[in-house]
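As a starting point, one isolated chain is supplied in structure tokens, in the form predicted on its own.
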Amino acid sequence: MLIIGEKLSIIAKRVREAMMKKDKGPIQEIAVRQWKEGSGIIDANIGPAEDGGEDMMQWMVTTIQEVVPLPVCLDTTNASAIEAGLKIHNNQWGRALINSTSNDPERFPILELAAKYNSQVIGLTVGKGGLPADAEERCAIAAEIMGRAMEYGVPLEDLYLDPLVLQIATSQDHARHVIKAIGMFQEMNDPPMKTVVGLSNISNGCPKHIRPILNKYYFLMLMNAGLTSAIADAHEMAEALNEKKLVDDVLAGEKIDDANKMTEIKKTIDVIMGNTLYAHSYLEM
């Protein structure tokens, strides 16, 4: 399982301030911690970066790779910034990953960059027409992205399919559709396609104490469906793997010794699968 460390995002106040000031200290501290906690790639999310994106992405990539021997996931909608990052990326530590192309024509040029710089790329299964309704629609979009990748000269083994995780608080049905899509993606190619999710999207908008519970158990359910990588908190995912047997036992209908843990797992699984309606207080109900 490849964990793409998610902590270097412009959304986080500390990271945003460090980026604006070009202060390497916080960026490198977070990057090193993610590496030591088990991340195999470090995500550098600079947002849309419409102004100065090229310089910002190059600064982020260089700052990260000065202290961490890992490749970087170039996370922005600014194609020029992505190319600037690819130009200076140190491939000694592995090939860069681009986040992302999609079925939106505006994102097709990302495949040109992936082919030009021999990088890996995430294919987000969404198009200009809006969000996919279910697993089947995600697969239809994935098939188009796969075909386009080959046309642009990107090998399918360099493409990660992303079924688009949405907030369970506002789009509960999509949680189970994503699990189903991960399983279906495995059948679309031989060898099976690589897959990735932005894991913490599932718990966006949820109370702080619930977020790691949802993240961990959803991760394990996706892993059981065939997930191969996740943009996530490596420390949290290590905790999840330690609980995998417990979750698998509950999924199999078996009882576990810790009654409170069993209740927590079962209620969370029921919410994820849509057996009960999500509410912020679902663990107390």
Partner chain sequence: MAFTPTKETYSGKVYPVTIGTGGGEVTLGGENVLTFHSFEGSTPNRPLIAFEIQDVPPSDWPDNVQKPFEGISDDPVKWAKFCQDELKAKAIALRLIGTHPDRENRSPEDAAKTVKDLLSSINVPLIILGSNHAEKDSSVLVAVAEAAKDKNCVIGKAQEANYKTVAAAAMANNHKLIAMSELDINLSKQLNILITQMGFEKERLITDPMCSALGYGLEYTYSVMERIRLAALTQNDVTMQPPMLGDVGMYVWKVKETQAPESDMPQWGSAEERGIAWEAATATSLLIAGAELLIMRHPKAVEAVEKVIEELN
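These numbers were taken from a predicted model, which means no experiment stands behind them. Positions refer to the first chain, counted from 1.
Keep in mind that the form predicted in complex with its partner chain is missing from the display, and what follows is about it.
field: in the predicted bound form, the one of S102, Q186, Q172, N201 near its partner chain [non-hydrogen atom within 4.5 angstroms]
entry: So the residue touching its partner chain in the predicted bound form, by this definition, is Q172.
message: Please pick out the stretch from 105-113, 121-129, 92-100, 164-172 that is in contact with its partner chain in the predicted bound form, where contact means heavy atoms within 4.5 Å.
response: Of the stretches listed, the one contacting the partner is 164-172.
field: 4.5 Å heavy atom contact, G25 to its partner chain in the predicted bound form
entry: Answer no; every heavy atom of G25 is more than 4.5 Å from its partner chain in the predicted bound form.
Proximity of L277 to its partner chain in the predicted bound form, heavy atoms at 4.5 Å: Answer yes; at least one heavy atom of L277 falls within 4.5 Å of its partner chain in the predicted bound form.
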